[in-house]
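Before any questions on how it binds or moves, here is one chain, the form predicted alone, in structure tokens.
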């Protein structure tokens, strides 16, 4: 055991403390088990087909598309943090930039993994690139997500090459230096790609004329949902980054970033969230009073089916929008670690609820007089594949935290643990 621990520590950065190999293996064990179950479920779906799921012609978009939309929105912290650091020059956010890149890489690669299963015939996935439907927003989404995943890979490689052991190879050191010089350019390219695919994911729903619940008017060729998706993603990106960093601090018992960085992330998220709530409220009022009646549907009809009541709209805009925006903007609550994390969690739940509504409620509601209201419940294969992405993310982030310098200020904050809103030294 001592020998294995010694070998393991050769890869850990100098000046930081990590748990022993055996304890780390115990932490990974349940996630590896969940990963195995998910891989088996993915195998069933790929080998036998999508009849292994509860999706059908009516619910072509199910749990997997909800997962894709959600993790891509939460992963927006990667490109937005790079944008703030390299283009807006918010240097203090460098404290979380590496972590943001890892989270972004996990979210986007996880989304691509689920899409490969959701396609049903991944061997033909190249058709999307070779025979693109130039009139489909999904074509633009596919190209942008694929390109941005390459960008994230190029941003992740320099961190990988900063590993204590890999840095001993001169060729790796030179390659890492050359890639590091390209990071500002990659951040700009990633921002451009991400803005477009985030918007097109929302625009996809806004142009569904056959689905009055989702259809929106807009500006020129873009429906209002195009802009709302971009706003919601960049609003919750900093919150998700703060939330995950705090979770890592709780699990490890270490202080990883200073309070000022948490404060800045909360303020940025609060400002953008307030702007999003205002835009979402205006969009909803226009849809209720103009768009929906114009296509022959009284607004209340969309909320008269079981679990899809008017409370969903109130929860999305009020509880998970207005409330966290207020908490993040008010200096007193933002200064409290507990309130800050509560607000960040509410904001993240808000974007999840928004993606659920557009993915599931939109397809559940009848659009013709002879249509019936239909519900959809994912089966175990779909849930297990969802768990596959979660387990993959936890394992990759755990390995990255253990062996890569994710938090540059960790050494400075060594010896501190974060209590509820304060740093306590000497413990």
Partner chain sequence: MKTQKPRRYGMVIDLDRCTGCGACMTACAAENNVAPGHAKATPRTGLTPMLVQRVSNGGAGADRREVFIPVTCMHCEHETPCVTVCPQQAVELDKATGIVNQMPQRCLGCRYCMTACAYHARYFNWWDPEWPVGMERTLNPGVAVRMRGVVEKCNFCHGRLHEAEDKAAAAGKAEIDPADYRPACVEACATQAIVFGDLNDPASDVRKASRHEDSFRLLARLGTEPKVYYRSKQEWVRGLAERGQQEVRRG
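Residue numbers count along the first chain shown, from 1. Values in this document were obtained by computation on a predicted structure and should not be read as measured data.
Beyond the structure shown, there is the form predicted together with the partner chain, which is absent from this document and is the topic of what follows.
- Every member of the trio 128, 138 and 367 reaches the partner chain in the predicted bound form with some non-hydrogen atom inside 4.5 Å.
- Heavy atoms within 4.5 Å of the partner chain in the predicted bound form are found in one stretch of 66-74, 39-47, 391-399, 24-32, which is 39-47.
- In the predicted bound form, the partner chain stays beyond 4.5 Å of every heavy atom belonging to residue 289.
- Although the partner is absent here, residue 208 lies within 4.5 Å of the partner chain in the predicted bound form, judged by heavy atoms.
- The partner chain is not shown here, but in the predicted bound form it comes within 4.5 Å of a heavy atom of residue 293.
- The partner chain in the predicted bound form is not approached by residue 321, whose heavy atoms all lie more than 4.5 angstroms from it.
- For the residues 275, 311, 297, 330, the 4.5 Å heavy atom test against the partner chain in the predicted bound form is passed only by 297.
- Of the residues given (282, 271, 119, 251), 119 alone sits with a heavy atom within 4.5 Å of the partner chain in the predicted bound form.
- Shown here without the partner chain, the chain has 47, 48, 49, 50, 51, 53, 55, 56, 57, 58, 59, 60, 61 in 47-69 lying with a heavy atom within 4.5 Å of that partner in the predicted bound form.
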